[in-house]
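We begin with a single chain expressed as structure tokens, specifically the form predicted on its own.
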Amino acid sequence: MEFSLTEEQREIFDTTAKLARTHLGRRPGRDGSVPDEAAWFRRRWQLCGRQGVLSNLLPEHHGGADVDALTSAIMMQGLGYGGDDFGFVFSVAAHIYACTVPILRFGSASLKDRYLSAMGSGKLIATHSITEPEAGSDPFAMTTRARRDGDEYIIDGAKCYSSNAPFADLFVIHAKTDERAGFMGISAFVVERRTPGLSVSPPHKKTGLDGAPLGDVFLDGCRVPLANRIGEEGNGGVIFTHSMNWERTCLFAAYLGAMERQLESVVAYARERRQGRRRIGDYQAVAHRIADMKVRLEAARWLIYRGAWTLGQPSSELVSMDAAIAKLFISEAAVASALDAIQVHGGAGIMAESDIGRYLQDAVPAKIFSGTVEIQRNTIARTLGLGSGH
């Protein structure tokens, strides 16, 4: 197995890291240059479009670079490494892997032509809406319904915790189209924000990922053209699984980048900070804690890279398991390393003005979104022939 990056991949990492460091930071103070949060979000979004970040997976005729999954993951790693607004990076990744990917893979030619170029250029912001108040870890318990009416579907229901929803132009909505068909009874649709009957809550306040707007979506008799269905009716479960495999691998590459930057910061601090006459990095307890951070980082790196490589092997039966392993490990590793970083910094690590505490705030949600860590363990167990499904 070749572990080194190509020259192109190294250049992509460096370029995206610089982009994030220079232009994708947290919202500046209210000095009049940024009128509101939505304007600041869209300004950076459009910059990502111009720089090819949002279109990296798209074919050339849709304005993209047509890179493979591993290269796309390395791009996200660069964004996570360079930027101090991890929430915004998360929003970018959610748009690409949970919205662009399913349309690219399963959408009709007309659906692709209508939306992909605009999604890749930054003109459109998309959100993926499947979670409901009583259908989170079990999305197939959803109550949102889509009823066929001639050349349209009528969608009724409510979704919650949808990333990008408050600012989104497009909504990838999953709804039941056949109550009796179980996994094959769900379909996916692209719903435009201007659709009558669609409304969105204001952004939620949350712990971590501050730069990612999160909201609830309400659908009351929304009429959606048949042409806006993604793939065949009843294929929503397959589409959801496919997009989650991408998200659980490539989105989490951003955490890999953040962990890398975090480790560099902690090592520099341990070399400079003194207690008495000794650098704190000379104390074995501190040095061992940092060594554990390094081990987690390198293990996470190869699990992410392996998962991304597997995504590029369409016949592989291990796609879901490799994605689950990568997501499970890196979400728990990110939390553990963030706690270690705080411990090394002591009191300075919990100060509001410190970036160290923010690593933990941004890491904790990783154990929840894209399927909880418990769900990932279930996926791995099922692949091994264990669990209630066997």
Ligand SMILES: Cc1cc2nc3c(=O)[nH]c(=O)nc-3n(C[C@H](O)[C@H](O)[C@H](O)COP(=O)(O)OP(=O)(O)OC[C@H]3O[C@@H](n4cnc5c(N)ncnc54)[C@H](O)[C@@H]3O)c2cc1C
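The model shown is predicted, which means the values in this text are computed figures rather than measured ones. Start at 1 with the first residue shown and count on from there.
Omitted here: the form predicted together with this ligand. The next part is about that form.
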| property | result |
| --- | --- |
| Partner contact for Ile380 in the model of the complex: this ligand, 4.5 angstroms, heavy atom | no |
| Contact of Thr144 with this ligand in the model of the complex (heavy atom, 4.5 Å) | no |
| Contact test in the model of the complex: Thr16 vs this ligand, heavy atoms, 4.5 Å | no |
| Close approach of Thr372 to this ligand in the model of the complex, 4.5 Å, heavy atom | yes |
| Residue (of Ile230, Ile280, Cys160, Cys222) lying close to this ligand in the model of the complex, criterion heavy atoms within 4.5 Å | Cys160 |
| Listed residue that, although this ligand is not shown, lies within 4.5 Å of it in the model of the complex (heavy atoms), from Leu209, Ala300, Leu170, Leu116 | Leu209 |
| In the model of the complex, segment of 105-113, 230-238, 264-272, 136-144 with a heavy atom within 4.5 Å of this ligand | 136-144 |
| Residues within stretch 118-142 having a non-hydrogen atom within 4.5 Å of this ligand in the model of the complex | His128, Ser129, Ile130, Thr131, Gly136, Ser137 |
